[in-house]
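The chain below stands alone and is given as structure tokens, in the form predicted on its own.
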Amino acid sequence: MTAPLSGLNVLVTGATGAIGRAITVALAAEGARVGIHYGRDRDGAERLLRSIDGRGWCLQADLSSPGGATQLWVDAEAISGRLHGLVNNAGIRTEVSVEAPLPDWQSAWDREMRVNLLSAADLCKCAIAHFRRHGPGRIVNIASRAGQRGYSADALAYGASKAALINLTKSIAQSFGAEGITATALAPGWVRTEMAEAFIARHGEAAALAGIPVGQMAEPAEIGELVAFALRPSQVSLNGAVLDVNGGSYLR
């Protein structure tokens, strides 16, 4: 049987983090060639590429820079020739109090929005133009439960950026679906990543698991499997969907 993503080239941002690695592995397992984006961890990107038997390529870009996302797409397009999918996975979570000095507050918001939202928007712009020239394509945006139900006082920018990413996904789905360009978002709750482990170290695992009916965090592999599924050519009607991956901790 032909692998579901055989022959497809997919760019994944933030591919060296726990979720990005899981997405990359899942895509490669289903036959895709993966553009492995990294910011600083070149060694990690190269190890990841070796782990999928070289089925892809590594690309460096600073997504906190206004031109970083566009240059990343240009580089990916130059290597692949034709891209079929984009996964906006890169993200940061900055803590800043409402009592912080205004310059600190604004700096945190500016960087959070640039990495979590504006770089994704720039890549979506590039992807839409590319798909219009070359044929149908898929966009998957990794949002968050925080973008649906709100977030903690010390990380307001994170929740706001993810809410905007969900809205961007829906707008692309409505505006470009008729052209064969579809968009889907995933909204995970806690996923067992470095970010989660840092929270647990400060507050304890019970605090992280509170309110999750299944009593456990999602594993990165669960996110990877869903992204691969959403990118399958057969899943056209997922266009505009927001897939909740939160163990029942937020229900719509």
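Being a predicted model, the structure only gives us computed values, none of them experimental. Residue positions are given as counts along the sequence shown, with the first one as 1.
Unshown form predicted together with a small molecule; subsequent notes refer to it.
Novice: Each of 63, 91 and 162 having a non-hydrogen atom within 4.5 Å of the small molecule in the predicted complex: is that the case here?
Specialist: Spot residues vs the small molecule: full contact, yes.
Novice: For the chain seen here without its partner, which of 168-176, 102-110, 77-85, 142-150 has a heavy atom within 4.5 Å of the small molecule in the predicted complex?
Specialist: Heavy atoms within 4.5 Å of the small molecule in the predicted complex occur in 142-150.
Novice: Within 4.5 Å, heavy atoms only: does residue 9 come near the small molecule in the predicted complex?
Specialist: Output for residue 9 is no: heavy atoms all beyond 4.5 Å of the small molecule.
Novice: With a 4.5 Å heavy atom cut-off, would you call residue 18 a contact of the small molecule in the predicted complex?
Specialist: Although the small molecule is absent here, residue 18 would touch it in the predicted complex, with heavy atoms inside 4.5 Å.
Novice: Although the small molecule is absent from this view, report whether residue 127 comes within 4.5 Å of it in the predicted complex, heavy atoms only.
Specialist: No, residue 127 sits far enough from the small molecule in the predicted complex that none of its heavy atoms falls within 4.5 Å.
Novice: Should residue 226 be counted as a contact of the small molecule in the predicted complex, where contact means heavy atoms within 4.5 Å?
Specialist: It does not: once the small molecule is placed as it appears in the predicted complex, residue 226 has no heavy atom within 4.5 Å of it.
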